[in-house]
Ligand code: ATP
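To begin, one chain is listed below as structure tokens, in the form predicted alone.
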Amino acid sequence: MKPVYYPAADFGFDRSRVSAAALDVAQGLQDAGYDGYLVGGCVRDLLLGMTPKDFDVTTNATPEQVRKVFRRARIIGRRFRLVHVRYGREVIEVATYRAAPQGAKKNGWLPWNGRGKKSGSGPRTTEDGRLLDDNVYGTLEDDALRRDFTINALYYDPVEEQLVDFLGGVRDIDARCIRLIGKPAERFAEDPVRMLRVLRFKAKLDLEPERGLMKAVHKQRELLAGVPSARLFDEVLKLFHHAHGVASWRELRENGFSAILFPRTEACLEGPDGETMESMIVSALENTDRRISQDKPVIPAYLFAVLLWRPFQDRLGVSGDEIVHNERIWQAGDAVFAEQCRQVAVPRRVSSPAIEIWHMQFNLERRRPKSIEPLLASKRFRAAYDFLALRASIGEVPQETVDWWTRIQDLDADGRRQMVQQMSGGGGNEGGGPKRRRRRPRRRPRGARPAADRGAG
């Protein structure tokens, strides 16, 4: 299989959008006598006129050889070793060319390029076909064949300023088509996460899957349940934290993947309050997409707080104005996340802040005078406040409560004190409840000695 070389400039490839660090890494590898190409999503995005979020480099140098070329480099990974080359705060990931798993070529096991048939003993896999051996170095051609989609199997040589295409990826980008490399049944069995990538590319890049690909996705989607839950956490963030969260959510729901990734959430969406919950999730994702487009920070805790809010409420079982103790809130939150982690393993650094956001909702609603300043000073206040505003948008919380917190944020200490005193007619209680009467000290009977004097004589 021979590659096709294209002058990058002929396809509107904007070199000025390429990270200077990535160019330096590729150039440094070539100066040291190795190959050095930009590869994958960064090349694809540049051809589509988008600005990549990160840049990957591939080479025929081993990780140890790469580390010798660059002073600020370190080897990471176990299943497949990579090298991270640091340039200030930017990290460029360098991977050695991958080949088919051990024993695959020898036994004619090359289903993804259509040239071989499965025979004899191939690579080690799970019962459903997921690859266990994936840590073999190879050639540039091997590397292209091991990639998942043709649009991700493109290489850019920054020295010659040309594109290297083995599998028609340039043509597919021009046709705005998502084409899998190999047979869908086999490639999805090797790695079921590829089905999520089909949906993500469809949402993010506005590309259409080739004919028959979505049918294969629907047929094999249950394989996703066998993927380690820890791996799916990163995939969920890629779906929702790259400015195409709303489109990704709709793809997940339409294609039956939301029930696999978020079963308790899906059960609530199918319930009587499902339409309101759907509106809440979409509103949150619209806000997240907007913030990311404006280069504003977002946190995974907020995303999971929204997705699991209804399951949390069901677990908590609160009705009306019932006062809920802290321990009960945390127990309910922990139980909801423990159940969610069976599908998507949410790390504690994410679940704990999400439960804090839920916990703060009760205090934000009650507005107890003694809790106002601690709430405003909390590092979770902004996320909890945004969550309160989201709940108000679906009628779950009075808008006046949100407006009160909106105003008090911008005041100085004296102004805040005055707002608190103005609550409930200047009494400073938590708005709406009866004022507590001060208890008068009991009168001492005449002739009785103070307690401090008793027994002193």
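Just count from 1 along the sequence shown to find any residue number. Only a predicted model underlies this, so the values are computations on that prediction, with no experimental measurement involved.
Keep in mind that the form predicted in complex with this ligand is missing from the display, and what follows is about it.
- Annotated contact segment (heavy atom within 4.5 Å of this ligand in the predicted complex): 230-238, selected among 342-350, 230-238, 291-299, 214-222.
- Looking at Glu396, you'd find every heavy atom of it more than 4.5 angstroms from this ligand in the predicted complex.
- At least one heavy atom of Phe201 is located within 4.5 Å of this ligand in the predicted complex.
- Arg146 belongs to the set of residues with a heavy atom inside 4.5 Å of this ligand in the predicted complex.
- Although the partner is absent here, Arg44 is a contact residue: one of its heavy atoms lies within 4.5 angstroms of this ligand in the predicted complex.
- For the options Ser248, Ser258, Thr96, Asn152, the residue carrying a heavy atom within 4.5 angstroms of this ligand in the predicted complex is Asn152.
- With the partner omitted here, the residue from Glu278, Asp314, Glu90, Asp191 that has a non-hydrogen atom within 4.5 angstroms of this ligand in the predicted complex is Asp191.
- Along 39-76, residues Gly40, Gly41, Arg44, Asp45, Lys53, Asp54, Asp56 each place a heavy atom within 4.5 Å of this ligand in the predicted complex.
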